[in-house]
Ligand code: URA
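To begin, one chain is listed below as structure tokens, in the form predicted on its own.
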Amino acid sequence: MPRLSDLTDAESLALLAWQVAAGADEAALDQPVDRTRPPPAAAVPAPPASRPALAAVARSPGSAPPRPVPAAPPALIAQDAKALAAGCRTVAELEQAVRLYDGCGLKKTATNTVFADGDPKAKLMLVGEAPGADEDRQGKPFVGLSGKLLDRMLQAIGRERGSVYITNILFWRPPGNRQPTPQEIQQCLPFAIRHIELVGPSVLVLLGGTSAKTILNQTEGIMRLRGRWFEYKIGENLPVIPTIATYHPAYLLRSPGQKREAWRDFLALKLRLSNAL
């Protein structure tokens, strides 16, 4: 196998392009690693400390030695997220809680927390799936190619980006834009639900299958859910929110033949907005 240092500039660029296409578009380590070299020999672990050595640890007389704290199970983390979200009384408080929340492992690999964009007092709220590479860099949802397409879709029905409110179910980018796991979704879902509750839009749009199935608690795919109106209700004392699901703009970029169906969904959205406002 040739060494990386032996590659020509053209070969190096081709290899880099292949890695980006495969989803390896972010660094995971501070320094590059030459995978063509054999791994270093494993270090021999130090022998465990004897009991007399442990006695040298400073602690108060009669106190027990420190014990390791086990990691919290996913169910407990979800409960913590639910309690944190329920305690927020404003969108600003919710954003602060999300930025301080460490219960989702995606936060460790993300560059930025991507909370929302637009007017939190808007009557139209759009909820997608998760940030992508551009969103992760800029800290705002839907700012890449799919975001530009979404802007054009909104403009086609007479809406500007600043007049609506846009967010995602997840606030951190999954590495390589992979599909988020059910556990990751559940770790962020209490914040997403509380987000909708605090904004209280007149109309809700769910972009993509993950967003639609999660928020509406449905098992059907986006092909069957899109174009249908649902009544979304969070609490007993809150009004029902008319909700429609449609294709995610990123999917439309990959499948432009489906833009006609998405256009029909947005025409229905325009009509519903004219009746709701």
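Because the structure is a prediction, the values reported are computed rather than measured. Residue numbers here begin at 1 and follow the sequence given.
The form predicted together with this ligand is left out here; the points below concern that form.
Annotated contacts: Glu129, Gly132 and Ser146 all touch this ligand in the model of the complex [non-hydrogen atom within 4.5 angstroms].
Contact with this ligand, judged by heavy atoms within 4.5 Å in the model of the complex, is confined among 181-189, 100-108, 134-142, 198-206 to 134-142. At the 4.5 Å threshold, heavy atoms of His248 reach this ligand in the model of the complex. Heavy atoms closer than or equal to 4.5 Å to this ligand in the model of the complex belong, across 201-230, to no residue whatsoever.
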